[in-house]
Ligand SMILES: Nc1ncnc2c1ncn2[C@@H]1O[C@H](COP(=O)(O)OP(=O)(O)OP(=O)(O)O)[C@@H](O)[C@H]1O
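As structure tokens, one chain now follows by itself in the form predicted on its own.
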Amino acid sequence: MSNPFSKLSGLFNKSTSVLGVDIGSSSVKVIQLKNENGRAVLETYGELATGPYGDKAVGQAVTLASDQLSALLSDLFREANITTKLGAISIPLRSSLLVNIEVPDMPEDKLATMIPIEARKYIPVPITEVMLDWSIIPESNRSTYIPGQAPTPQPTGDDKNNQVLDVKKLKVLIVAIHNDTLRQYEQIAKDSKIDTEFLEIETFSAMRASIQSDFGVTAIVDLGAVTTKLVVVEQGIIRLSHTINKGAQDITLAIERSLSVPFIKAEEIKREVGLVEKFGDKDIGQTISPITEYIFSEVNQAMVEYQKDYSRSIDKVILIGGGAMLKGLLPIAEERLYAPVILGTPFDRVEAPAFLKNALNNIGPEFAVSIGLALRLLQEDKRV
């Protein structure tokens, strides 16, 4: 995309700049921010489709080899006029595992022994082959929780007669990433000469850029090319994570089949027409309606599951990802989902020239992950 900052980058102090790199299945996004008196200031950004680097069309999902990805990043950094190597890279959710489990309440040292054992039920490879992390999910009505210090449970209902006590349970979020995946992304950073401070699962980056000082319950729906990712977040904690195996590429494929046109033409039609206009005598909205219906039905089902488990409703839904910008999608989401729906505006978290506000809002949903990465780096790295 055209970069309005390309002629201005020399004005900035390179030593205070950081880079967020979001490697998606159909495109790669980068953003460069700098710390200016405690404020995150936008320096430059850019995006390139992965398809052409894997002999595919723009918009097609493709898994690039290391050398292909290195070539893409080199081109992208040059086109966006990236001037820093200090950065962070996101790991796709499809290459990781987020799962909530329940375990008996016990002190944290015993949890550290039990959780890897419990995690084996959900991780399809030997536990020694993954990097495993976990955190206790606080109860909804409490901001903190100390394991092993729960009140003694009291008999209730029929249990009073049988003197059977309820066993206190803890909800735990488990995060697992295969060691091969970590090595792969470390190699990508090395080949691209990125001084990588950390790798982070894209979900956490998107949360950081999308939710601002919000103590309600928010569902973030990330419409990617191949999948749609949903997380329900309450007070900064992931309460529910769900992946839907349909995304923006499925919409393009539906148009391709319906109109009997090549994928690249179907992608152009999707971007230009969306859900609100006809292409010739063909109602594109009707063509892709089964896909959007399926996605939002799955989102609703997950929202109902959250409400059942936590006795709380979703306060709002934030749409991010490239698919979120499809013309006419927002009104359909508002109609189909049982909560207020808005488009993500992650560029609100950074300072940029006022004349770019509309342009940045239009592309904002796509850059949630890269912005979230850069924001964390600004907050944590002592060099900036």
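In case it trips you up, residue 1 is the first one in the sequence shown, and so on. As the structure is a prediction and not an experimental result, all values here were calculated from the model.
Another form, the form predicted together with this ligand, is not on view; read the next lines as being about it.
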If you check in the predicted complex, is G224 within 4.5 Å of this ligand, heavy atoms only?
yes
Please tell me whether any heavy atom belonging to H242 falls inside 4.5 Å of a heavy atom of this ligand, as the geometry stands in the predicted complex.
no
Examine G364 and determine whether its closest non-hydrogen atom to this ligand in the predicted complex is within 4.5 angstroms.
no
Distance check, E197 to this ligand in the predicted complex, heavy atom within 4.5 Å
no
In the predicted complex, does each residue in the set K29, A248 and E267 place a non-hydrogen atom within 4.5 angstroms of this ligand?
yes
This ligand in the predicted complex has a heavy atom of only one listed residue within 4.5 Å, and of R94, K282, K110, H178 that residue is R94
Of M325, L69, V341, V350, the only residue with a heavy atom within 4.5 Å of this ligand in the predicted complex is M325
Within 4.5 Å, heavy atoms only, one stretch in 314 to 322, 352 to 360, 30 to 38, 332 to 340 touches this ligand in the predicted complex. Which?
314 to 322
